[in-house]
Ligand code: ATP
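A single chain comes next, written as structure tokens; it is the form predicted on its own.
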């Protein structure tokens, strides 16, 4: 079923989200107070309109409460982003995702009605730091302060070995939940006797400290 999204604020973060949602065949409404920005983004959304999101009447007029999710991605104007979330919440929008500039901003957004708060700059910095410390890690999703799901590129040393031979769960208390091949095909809940191939990527879940130990592959390389 086609979902409807509204993105308020078409800066770098907002426009990237709007484009991704639109290219995935969703209906996307882009809203910005700046006419030039709206003109520049007509082609990456279903509709783009000029509106002041801190004006309740403007949001009512575009039928904002009918959207499945509204993403508030207003730049550096904290007051405007907070007021926008307040209005959306009062209008009965069910799912509000709001971009926060810092922890305190995020706490306020949560308290005034945001269903979900995202920290794009912080999260990107963490991802870069994570990859610099463990070059084999392709990507990761933080589940909590202790746990995450991570994609790990296997080293050539373990190509030809099986999951059961590597005994990853017993060695590191980390579970391999999927394997992605070079051709992007996925093995979900792989068989213990699966033989690793060149360029395979393991998708694992576990404690961050233990995944980091696995990602270095020192134990396997030294065998």
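Numbering follows the first chain given and starts at 1. Since this is a predicted model, take the numbers as computed values, not measurements.
Keep in mind that the form predicted in complex with this ligand is not shown, yet the notes after this line are about it.
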| query | finding |
| --- | --- |
| In the predicted complex, residue 8 touching this ligand (heavy atom, 4.5 Å) | yes |
| Contact label in the predicted complex: residue 44 to this ligand, heavy atom within 4.5 Å | no |
| Residue contact check: residue 74 to this ligand in the predicted complex, 4.5 Å heavy atom | yes |
| Contact label in the predicted complex: residue 52 to this ligand, heavy atom within 4.5 Å | yes |
| In the predicted complex, the one of 37, 64, 163, 29 near this ligand [non-hydrogen atom within 4.5 angstroms] | 37 |
| Contact residue in the predicted complex, chosen from 97, 80, 93, 87 - any heavy atom within 4.5 Å of this ligand | 80 |
| Region of this chain that lies against this ligand in the predicted complex, out of 194 to 202, 154 to 162, 53 to 61, 179 to 187 [heavy atom, 4.5 Å] | 53 to 61 |
